[in-house]
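Have a look below at one chain only, the form predicted on its own, in structure tokens format.
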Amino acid sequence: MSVSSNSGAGLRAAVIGLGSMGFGMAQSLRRAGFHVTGCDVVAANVDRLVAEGGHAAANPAEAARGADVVVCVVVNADQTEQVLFGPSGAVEGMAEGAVFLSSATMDPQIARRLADRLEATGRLYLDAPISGGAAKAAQGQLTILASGTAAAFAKARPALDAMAGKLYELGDAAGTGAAFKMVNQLLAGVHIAAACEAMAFAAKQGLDLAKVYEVITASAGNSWMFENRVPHILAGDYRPLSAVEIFVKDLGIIQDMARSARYPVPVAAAALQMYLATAGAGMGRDDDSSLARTYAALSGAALPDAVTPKA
């Protein structure tokens, strides 16, 4: 559970990747008493952390130097590997016995490979993908799906307590947490696509979309994603809280995993095609509720006008 006490007092954390999720996680660590150093390719994100009392590092190695825990909140496995083992990578700065928390969504086999490589150097690796969004990150209320050795959990415990509202300890080896996250992403991606399909379908019928939202959220067809994403459609606000490209990536990973396992995932495959179509139409960096715009463009359905973001 998240805490408000200084359970991290005297401990040092590095947060690498200070986007909407990573910045909130850094805030939660600071609130718990950690000395937090941040690193990000976007200088403004680091400046924002410094303005709130954190510290800046020029690269992952510098951020990780002296840290008890290194929290990596980047987009994918390739970026995670670069953070760890690339030029000026975190492994160069991490002390023996320090723990690396990997929060990117990735193929479980890659998580296991990264863990083996890091653990061979005497450092610890915790497979720790996250769910919950930016607001919960800032509140220390994330859901963390973690797996790793007992030593990795023990070293990471104060940081996990600071960042998580719900912590699931899912096994003693890296890769299990990643696999649980991919199950979640399969459902999340399909549910968003279904919500967008349903709302464009309702628009094609000429229904009052606000009333559709009211009725469905009180009915059996509701889902967390319907309830969360449809307000974006009603407002015509497609500024990215979670971008289309995230599910291009994640549902693509699921296809690769399924192909390797000779397991059919036809519903996830159909959803992936809609994310690909939306990205291909130039909306890859827009909010994932933009799938509704693709359905509308294909069918002639009329959705609320999109808001033009202020410069």
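Just count from 1 along the sequence shown to find any residue number. Since this is a predicted model, take the numbers as computed values, not measurements.
This next part talks about the form predicted in complex with another copy of the chain, which is not shown.
Q: Under a 4.5 angstroms heavy atom criterion, identify the one residue in 130, 77, 188, 98 near another copy of the chain in the predicted bound form.
A: The residue in contact is 188.
Q: State the residue from 91, 234, 241, 198 whose non-hydrogen atoms include one within 4.5 Å of another copy of the chain in the predicted bound form.
A: None of the others qualify; the residue that does is 198.
Q: My question is simply whether residue 264 lines the interface with another copy of the chain in the predicted bound form - judged by any non-hydrogen atom within 4.5 Å.
A: Yes - in the predicted bound form, heavy atoms of residue 264 and another copy of the chain come within 4.5 Å of each other.
Q: Even though another copy of the chain is not shown here, does residue 222 get within 4.5 Å of it in the predicted bound form, heavy atoms only?
A: Result yes; residue 222 sits at the interface with another copy of the chain in the predicted bound form.
Q: Does any part of residue 274 reach within 4.5 Å of another copy of the chain in the predicted bound form? Heavy atoms only, please.
A: Answer yes; at least one heavy atom of residue 274 falls within 4.5 Å of another copy of the chain in the predicted bound form.
Q: How about residue 157 - does it come within 4.5 Å of another copy of the chain in the predicted bound form, if we only consider non-hydrogen atoms?
A: Taking the distances in the predicted bound form, the answer for residue 157 is no, it never comes within 4.5 Å of another copy of the chain.
Q: In terms of non-hydrogen atoms within 4.5 angstroms, which of the given stretches 265-273, 40-48, 278-286, 22-30 touches another copy of the chain in the predicted bound form?
A: It is the stretch 265-273.
Q: Do heavy atoms from each of 120, 141 and 152 fall within 4.5 Å of another copy of the chain in the predicted bound form?
A: No residue of the spot touches another copy of the chain in the predicted bound form.
Q: Within 200-215, which residues come within 4.5 Å of another copy of the chain in the predicted bound form, counting heavy atoms only?
A: 200, 201, 202, 204, 205, 207, 208, 211, 212, 214, 215 sit within 4.5 Å of the partner.
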